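The chain below stands alone and is given in structure tokens; this is the form predicted alone.
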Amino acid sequence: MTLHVASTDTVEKPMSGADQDRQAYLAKLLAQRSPDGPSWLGKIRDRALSIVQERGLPSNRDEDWRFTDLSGLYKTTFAPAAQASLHLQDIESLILADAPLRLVFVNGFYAPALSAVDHRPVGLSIHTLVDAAPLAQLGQQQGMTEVFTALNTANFEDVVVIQVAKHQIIETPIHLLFLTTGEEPTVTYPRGLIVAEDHSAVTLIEEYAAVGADTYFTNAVTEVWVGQNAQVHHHRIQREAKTAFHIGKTAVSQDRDSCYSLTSLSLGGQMSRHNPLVIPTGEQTDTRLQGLTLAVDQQVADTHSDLSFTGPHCTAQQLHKCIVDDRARAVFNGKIFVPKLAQQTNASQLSRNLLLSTKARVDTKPQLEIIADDVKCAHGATVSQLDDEEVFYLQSRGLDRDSACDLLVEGFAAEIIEQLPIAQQRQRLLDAVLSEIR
């Protein structure tokens, strides 16, 4: 009998042309890094830089990216965005009258002339990178090793830091407005750090939009720390230009007895992706994730969410909706992980998808991974078109077909949009949804 022994030597596979192109592309992005910044930030940036270099940029051969084509992003050469001046009249349509606390960032840089923070309530601290003390919590969330998240950490020019003191209830929503301007392809790295200390409460509206910009790349990261018995109501609205690229990460840590809700809307960008990651680190937490994606023309809109429990007696509800028209494509991959320690967890996840065209496509994958044996968990997905009987019923009540279809789509989208705290913004976004599908 002949015994064949496998060699222990490792043979590296030759690098493909596409891999070489991505490495060269990444090298160009990293070469744009600014050396500016406080000394305490250096170690954080260096660690992120090593992660980016080790992992490299993904392709559709990677499982988490197999439905999302990044070739358009990699074919575009982006320059670092420069500081730009805007006037209040330039952003008048984006200002929310019922959210007087406003922080505006243009091309990744804080714009004090456009912001309104003079009358912030007691117990609310707001800082940017210029005046922030060393931030022990920056970059410490789980999920910071994902390559685009680490790329943001290595490159961001500024950061908004919002801290709510213990036992403080902030009644007024805080509006974070991240804008991109300029005609040349540029890349920006918006960064946010939100800390709600024990027994506090705050409402945030995080919005991304363009003012006169065309093709650009927004790589955004927001970290949220929710203290014991604290409440954070977070609303994230992505309305980038139709030719833009947007990749965003929302990383959340929930302490015991806390409540965190996220309402996310994705309407813009030729390619967009949002990665919410929520980690309840204590018991008896309550988490609510609600999302709406609108994809038209040839847009690609991707949502990859991850909710991982670590303790017992927690509750979670997730509802994600997609409206897809023309030749667009939407992706939803939602994972809920319930380990053995998370006994008596009550979690539900539902993906609902509405296709308005025979060429539209949605890839949906709600996912439950349960190891605990005393839980109540459910998940499901639906994919459908407009119901002909419902359309006929509305027509029988005097509506023409187009108006009947609009009403049904509005009803489908309103369940998510109505979670937003500002009526002015709710109506604005409903109008935007209808204008896109007409």
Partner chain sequence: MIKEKSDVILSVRNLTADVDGTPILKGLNLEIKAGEIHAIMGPNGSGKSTFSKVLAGHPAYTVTGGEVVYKGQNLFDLEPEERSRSGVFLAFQYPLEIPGVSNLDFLRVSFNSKRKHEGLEELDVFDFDDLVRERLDVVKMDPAFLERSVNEGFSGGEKKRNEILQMALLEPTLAILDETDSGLDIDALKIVANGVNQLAKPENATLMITHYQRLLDYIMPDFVHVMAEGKILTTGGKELAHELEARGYDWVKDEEVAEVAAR
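Keep in mind that this is a model prediction, so the values were computed, not measured. Residue numbers count along the first chain shown, from 1.
Another form, the form predicted together with its partner chain, is not on view; read the next lines as being about it.
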item: Location of its partner chain contact in the predicted complex, chosen stretch of 377-385, 24-32, 403-411, 56-64 [non-hydrogen atom, 4.5 Å]; value: 403-411
item: Residue 40, heavy atom within 4.5 angstroms of its partner chain in the predicted complex; value: no
item: Touches its partner chain in the predicted complex: residue 399 (any heavy atom, 4.5 Å); value: yes
item: Close approach of residue 395 to its partner chain in the predicted complex, 4.5 Å, heavy atom; value: yes
item: Non-hydrogen atom contact residue 389 with its partner chain in the predicted complex at 4.5 angstroms; value: yes
item: Stretch 264-295: residues contacting its partner chain in the predicted complex, 4.5 Å heavy atom cut-off; value: none
